[in-house]
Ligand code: PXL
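Below sits a lone chain in structure tokens, taken as the form predicted on its own.
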């Protein structure tokens, strides 16, 4: 019997507001993959739209978890990193990847730190350079447009974008971090939104678009990254995996929008898990 694949997901836990580990666990599990977790912080809610949320930094717990796993000789097919609670966690996460990964481990880094042209409020201007250090350890990175600009010291512009701008941004990312790249938040008009993928093996750039939904929907970047990783671990190509992730994320947003629910609490990704399972076959 084939051993079930295992992911180590390094991310925060936002107890309410579907994002980070509370979407990683169900999505990766639905893809037939075991999801082990290293929480970087625990928050009562995510930070988008909620006030007076609690925050518990778990920096001191990360390496003890890793050391215990090492004592158990646990092997990982993938390591997925997302939101980090502080700059202090950068070197710790780099060490975690070094300790847990081998030559067969797929490392996916989602450099969660900014959107809409601005860093998230708990990060300062020194953070992008630190995040780049983790990106350099990856096989796949999934920045949005803002994060790509910060990683490459490129002035941010708002969309719609030109193909020239998007592909120049990918070229700059390649120059600082020559990995497989999935650039999210790409749109050339106000009708379609999607991603640009760059495969450092084929050297090709491809695009995938779905319907563009107006509004801000929290946690969708995490959903996208988790579906992408799950599809990659199920043997899909980078282009196909990105297409599946874009479809699942877009449909979850569409259903949430139609139901007119409070978007602070996240999108209805649960409704898309059966479709994900079907698309992975």
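Numbering follows the first chain given and starts at 1. Since the structure is predicted, the reported quantities are computational estimates derived from the model, not experimental observations.
The protein also exists as the form predicted together with the named molecule; that form is not presented, and the subsequent description refers to it.
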| item | value |
| --- | --- |
| Partner-contacting position among 240, 36, 59, 47 - heavy atom within 4.5 Å of the named molecule in the predicted complex | 47 |
| In the predicted complex, the one of 43, 253, 28, 244 near the named molecule [non-hydrogen atom within 4.5 angstroms] | 43 |
| Partner contact for residue 10 in the predicted complex: the named molecule, 4.5 angstroms, heavy atom | no |
| Non-hydrogen atom contact residue 120 with the named molecule in the predicted complex at 4.5 angstroms | yes |
| Touches the named molecule in the predicted complex: residue 267 (any heavy atom, 4.5 Å) | no |
| Residue 83 within 4.5 Å of the named molecule in the predicted complex, heavy atoms | yes |
| Segment that reaches the named molecule in the predicted complex - one of 219-227, 65-73, 28-36, 245-253, heavy atoms within 4.5 Å | 219-227 |
| Contacts with the named molecule in the predicted complex - residues in 10-41 whose heavy atoms fall within 4.5 Å | 12, 14, 19, 20 |
